[in-house]
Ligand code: ARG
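There is one chain below, alone, in structure tokens, taken in the form predicted on its own.
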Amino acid sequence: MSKSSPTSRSGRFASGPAADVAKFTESISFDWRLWRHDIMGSIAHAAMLHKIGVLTKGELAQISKGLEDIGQEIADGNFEWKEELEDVHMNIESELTKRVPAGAKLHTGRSRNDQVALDVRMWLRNEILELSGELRDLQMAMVELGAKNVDVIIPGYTHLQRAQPVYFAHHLLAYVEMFDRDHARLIDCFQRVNVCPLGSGAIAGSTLPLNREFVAKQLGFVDHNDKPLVTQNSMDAVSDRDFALEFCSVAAITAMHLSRLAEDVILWASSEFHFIKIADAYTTGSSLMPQKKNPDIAELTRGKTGRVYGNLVALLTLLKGLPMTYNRDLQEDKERLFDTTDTIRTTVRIVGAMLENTSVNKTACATAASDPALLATDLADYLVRKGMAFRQAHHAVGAVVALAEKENKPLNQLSLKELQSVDKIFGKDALDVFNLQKAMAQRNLVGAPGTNEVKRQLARWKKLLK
């Protein structure tokens, strides 16, 4: 079932669609943004038609010039989009045909079904490349913030309870790793976007000797060896939106990572934590309470995640019940895809800018990290090095913690006598465990938050992100 329009209806139907039908079925209000790719695709298609003898050299020149002129008018904001022409394809083709009679030949061998599939793939390729660069910029913003505060230690949390000490940079690098996986998924997704569907027609290709590989090369649908990449089944080519679905899935995972980062930022910026200060330009105030400074960028980042999730579910639902091949339902894919792309790209950029304008309150971080309870596990490791089984050591340190609470003392203020009242294995060196700098220096495993390891990871990421 191919897309209909006033133009395509003229032969089969006695009249055009009713006004309310035209209003309901139009897509020009949102698919206009595909204009650049529609024109590029049409120029490549025209070149191919010339190559196979459908267009003369003069006709090709006229069509190409006409399309380029229309493109310039659109870019300059001087092109009038007409709702009655339904979509971006018919608006451009109709205007071309008015100016260039040979434009009537342009649609030879193609349908709007494979045309729109081409345009969306080309548009999404560009968006993926832009987003991949923006993700790298976000990663670098975190690496640089960590490097500026390489000596800052904060409590690490599990269950939002203080757990063990980590470097602030180590915490940021956890998100750098997350966004790197997002970047890898994005690049992998690109491979399935970068396949040319043009030449598939409405459903069954064409009886004309179309040169699909020529068009693919003209439009950059090639592999690393410059071999053209074309779809291998005409029915799948015009009905496939997996590439859009996959991108929206990658975007949803990225949005989830952004939301987790935003939650940490919101907590850190609170008066209770006071670990960071976000620059005034990236916060807002209250309409009632003059003292307020709200982390709205982070809150909106967290909120927009639901929007990206919703678009993914909408696309899944849209596609789940469609029979082969093209169905008009597929017109609904673009608003969801466009919104996801706009949302994720804007959010990645603004979060990166916010982090570039964030400073760390080293005093507050040091105060929080000085809690000796953060090194309770290190005390258990001390007992293990003395020969005690870990389960027994865990139980013994639990008893030490209980004793400290009973005596209303920090762990590092217990006397040797008090420690030995729990287990005689504790020696005079037991309290050395609570030297925070020494404790951090001992965490030298790959991926651990040790002093040298964190510096190594920061250097590694700076090199990778150059």
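None of the values given here were measured: they were computed from a predicted structure. In case it trips you up, residue 1 is the first one in the sequence shown, and so on.
This protein has a second form, the form predicted in complex with the ligand, left out of what is shown; the following refers to that one.
Sort through T341, N113, T347, T305 and report the residue having a heavy atom within 4.5 Å of the ligand in the predicted bound form. For this set of options, the contacting one is N113.
Only one of K227, R192, K292, R328 has a non-hydrogen atom within 4.5 angstroms of the ligand in the predicted bound form; which is it? None of the other options qualify; the answer is R328.
Among 320-328, 294-302, 93-101, 135-143, which stretch has residues with heavy atoms no more than 4.5 Å from the ligand in the predicted bound form? Looking at the other structure, the answer is 320-328.
Verify the contact flag for H89: yes if a non-hydrogen atom of it lies within 4.5 Å of a non-hydrogen atom of the ligand in the predicted bound form, no if not. H89: contacts the ligand in the predicted bound form.
In the predicted bound form, S64 touching the ligand (heavy atom, 4.5 Å): S64: no, not in contact with the ligand in the predicted bound form.
With the partner left out here, check for me: in the predicted bound form, does some heavy atom of K334 sit within 4.5 Å of the ligand? Yes, K334 is a contact residue.
Is there a heavy atom of S27 no more than 4.5 Å from a heavy atom of the ligand in the predicted bound form? Within the cut-off, so yes.
So which residues in 31-58, when you check the ligand in the predicted bound form, have a heavy atom no farther than 4.5 Å from it? Heavy-atom contacts within 4.5 Å come from D31 alone.
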